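Only one chain comes next, encoded as structure tokens, the form predicted on its own.
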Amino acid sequence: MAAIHPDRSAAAPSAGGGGGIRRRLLPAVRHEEIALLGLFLLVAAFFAVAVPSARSGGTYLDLLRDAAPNLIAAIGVTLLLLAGEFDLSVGSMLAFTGVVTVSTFNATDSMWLGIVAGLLTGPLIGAINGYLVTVQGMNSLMTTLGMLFALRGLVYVWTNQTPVVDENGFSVFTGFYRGEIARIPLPGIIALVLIALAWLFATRTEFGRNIYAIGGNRTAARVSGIRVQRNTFLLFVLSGTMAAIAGVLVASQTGTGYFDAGVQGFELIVIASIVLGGVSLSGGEGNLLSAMLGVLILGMVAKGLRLMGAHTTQQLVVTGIVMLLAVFLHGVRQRMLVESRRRNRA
């Protein structure tokens, strides 16, 4: 089966002459994480020079806090993309989860009931998406796009486009976003723990290996005995769960359920970050850690531009240019790997 495993290396570089520079670059080229880490450091170095305030360690801790919802939502979307499926509903789920959470606060006077209610929306919506795609055979792109509009419309009607404020003033809830452990932001710790668990899940379990097999060749995976329908359904549930956790964190920032949370293309930024990290839109290629680096790169670009006082429209232009550059470099990397394999077979 032609699935690409996250830990599988490309062929060794050729020992022939005339390619000294290429041979020296190949160790980095083989491992997407190294190239992406280099790009992140270049972006960070640029803003450190351009904005003196960006040189402090607090900038990167703030980046980890701000990027935590994107990192968490990107976990589920990445695993789905590796299996060759899409989830465009995560942005609307961000708003829906926050509104459910805070509305439950106000209705029950219980913070924990509100958090549980908010978190349960994720697997429920993910299960609906998964059922429509795996059982009814609907296209995942169009299914989750429909869910995006349905959830957004439901939130607008429910809230009358007015933020839902926590009437109880649960300080513990806002502490989830503002809290720190050993100076590390609590949202960042949550994100890092979930990333570590997801990485172990994707690389060290049979289910994780099956994700690559499904994304690489769905028919071959089914013939080989992999339960494609069940596994894909579970991935949609997982994606919904991660989006709900991200939504609760966003609501905890101010203790408010925002009807417009994620409305500025949150789901597209998440997918763009993942693709920036080298995950193929056709499935079966890429890895979770690279995708997370992609999220951090775009997060660093956005934060640096904010520190420079750039307008939102200017941020969009620069973010787009960085994405195009990264996709171009990814293509160069792929061609170098293909050329290396061709020389080794010769």
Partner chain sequence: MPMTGSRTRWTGKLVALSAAALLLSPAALAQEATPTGAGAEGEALVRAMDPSALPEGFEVPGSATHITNYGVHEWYQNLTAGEAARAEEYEIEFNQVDANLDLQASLAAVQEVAPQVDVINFTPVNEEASGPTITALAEEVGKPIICESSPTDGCTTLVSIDDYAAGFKVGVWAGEYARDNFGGTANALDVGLPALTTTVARSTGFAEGLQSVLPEARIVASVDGQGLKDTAVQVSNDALTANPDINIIFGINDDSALGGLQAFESQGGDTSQLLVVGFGCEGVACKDALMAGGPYKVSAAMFPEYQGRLLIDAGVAAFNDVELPAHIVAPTAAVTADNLGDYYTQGADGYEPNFEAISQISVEGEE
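Residue numbers count along the first chain shown, from 1. Just so we're clear, the structure is a prediction, and the values are computed from it rather than from any experiment. Superpose the two forms; the largest set of C-alphas matching within 1.5 Å is the rigid core.
Another form exists, predicted in complex with the partner chain; not displayed. Remarks below refer to it.
- Contact check at 4.5 Å (heavy atoms) against the partner chain in the model of the complex: none of 230, 287 and 292 pass.
- Residue contact with the partner chain in the model of the complex: residue 37 places no heavy atom within 4.5 Å of it.
- The closest non-hydrogen atom of residue 185 lies beyond 4.5 Å of the partner chain in the model of the complex.
- Using a 4.5 angstroms limit between non-hydrogen atoms, residue 316 touches the partner chain in the model of the complex.
- In the model of the complex, at least one heavy atom of residue 307 sits within 4.5 Å of the partner chain.
- This chain is displayed alone, yet in the model of the complex one of 234, 165, 120, 192 has a heavy atom within 4.5 Å of the partner chain; that residue is 165.
- You can rule out all but one of 155-163, 105-113, 235-243, 207-215: in the model of the complex, only 155-163 has residues with a heavy atom within 4.5 Å of the partner chain.
- With contact defined as any non-hydrogen atom lying within 4.5 angstroms of the partner chain in the model of the complex, the contacting residues in 41-78 are 53, 66, 69, given in sequence order.
- In the core-superposed comparison between this form and the one not shown, residue 282 has its Cα shifted by less than 2 Å.
- Here residue 312 counts as shifted, since its C-alpha moves by at least 2 Å between this form and the one not shown after the core is aligned.
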